[in-house]
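In structure tokens, the next block holds one chain alone, the form predicted alone.
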């Protein structure tokens, strides 16, 4: 889920076990299961507190471990303090489903399953019996309704109907909106009570196969939104809903935070499976891996496989190494994928604009150039050609998944800055200072791909370039969305009567602090540039929270800023994209290299930061894990003044 205008709670991921207590077929193609058990209540697991099962958002989802003979012998994983560490093999037996309703008094909840000809979850659900046991984890987040919205637009196929139903049943009476739902047959229309002022438009797919219909897209294109602010939520088959996202964002101009278009499932050549794991590209998903893929990866790592002779095993491993190194040297994929996302090629193709001429006309580029990009996308398996028309492949569908383009779109100044990595060699040889741009990656028009550097440092450039600064702040907040509430609950911040915000922390973080403790009387300060530069004193506060405030600063500059803060703050919480595991984690390695190429200064490790704070006289310096253990922000460094 990308950053959204909906207020969101981040929850610990806890594995629980329940049993089936109710089964009801609410339509010919949808079954509702009720599950209950003591593990939905608060307790202790592996010596760690287990919170009460919690779900308030209409699209909250849980990850079910589908019972099969194989899962009885599979180690599912290990419970951590804030996350469940899934065994990769077990993830192949998991599926995500929306929580339809919760009965806290009965320690139970319900979820709905769509009938399919085949599919792991569907086959289990339509053969389940009362008393069957079921393990699950989640929800990991719970988001409420957007605040300050005048109109709600919800669009869904049958796989997302449970979320729409919950929205209708829980929306307040003063909520207005329009609901569009596509179902297989007229018998699948559901009677849903609601206090909201909404119109529901049911679309009957009839004989059209799931995932092939354009009914939802046509309905959205043909409706006129009322005046005021609209929040749009759409879910269904990934390729079917892709043009809806483009229409809402580009044609109607709805802001990013007011649009959520989520691929609940993907159509494949062999079968369809509703409510599959979230689409790859969300930096926070733990994507399920089929057992076949897990076995291939194990072979690539040199894991011994029974029944394979030693020579064959070594040969296969060597071939895998060569293949992996070959893939590392390819320059085409990172360029073409970003250009495809920036131009919106996948969305256009999904919306019926399928020829090179039509695509070129739509995005305003040369037809010959469009043909070059489309040919390269075919070579990478993102598109396939049928005569003059191009079609999205399942690999291409990943690129148009919700949130996938946020980290690839080169129209975003922050992403262009990160792309300065392409000029690393020149930076290493010639130095970064006094270069005309953080990276001199030139477009065909001769314009710098990254922002033109008119200030002596990257930080100074952000201070004079509002668009660049806003983009980087937004980029930081996108990555913080799953950990911000956890950060604000850290003891030095939660107990502080006064807090100062530094780095990319600003109005949004200030609002979150107020929302978490509206009656506390806490004062929140956002020091100006003069305080950051050391020209004025830092405000005297109980705690300063710094978010990505060291990134791009030289070590002496960062040390001076930290010293200034510690003089006036009783405690300091620093949250940075630390790169402790860069030698083992390619994402952290990318962070390290991109930060250096973009700013001329390498990112920090927690050890280096702790030593710096200790040298400045801070006491009780500690590193605290935050969130689920993955993502750009994984830990916080806390220091206190003597």
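Residue numbers count along the first chain shown, from 1. Keep in mind that this is a model prediction, so the values were computed, not measured. Just so we're on the same page, rigid core means the largest C-alpha set that superposes within 1.5 Å between forms.
Not on display, but discussed next: the form predicted in complex with a small molecule.
4.5 angstroms heavy atom contact with the small molecule in the predicted bound form for residue 263: Although the small molecule is absent here, residue 263 would touch it in the predicted bound form, with heavy atoms inside 4.5 Å.
Look up in the predicted bound form whether residue 504 has a non-hydrogen atom within 4.5 angstroms of the small molecule, and give yes or no. Looking in the predicted bound form, residue contacts with the small molecule do not include residue 504, since no heavy atom lies within 4.5 Å.
is_contact(residue 267, the small molecule) in the predicted bound form, heavy atom dist at most 4.5 Å: Yes, residue 267 sits close enough to the small molecule in the predicted bound form that at least one of its heavy atoms falls within 4.5 Å.
Does residue 116 make contact with the small molecule in the predicted bound form, using a 4.5 Å heavy atom cut-off? Within the cut-off, so yes.
Check 112, 120 and 162: does every one of them have a heavy atom within 4.5 Å of the small molecule in the predicted bound form? Heavy-atom distance to the small molecule in the predicted bound form: all three under 4.5 Å.
Considering the small molecule in the predicted bound form, find the one stretch among 223-231, 88-96, 75-83, 189-197 with heavy atoms no farther than 4.5 Å from it. Careful reading of the contacts points to 88-96.
Heavy atom within 4.5 Å of the small molecule in the predicted bound form - the one residue of 413, 210, 351, 492 that qualifies: For this set of options, the contacting one is 210.
Cα of residue 184 displaced 2 Å or more between this form and the one not shown, core superposed? Result for residue 184: yes, a 2 Å-plus shift.
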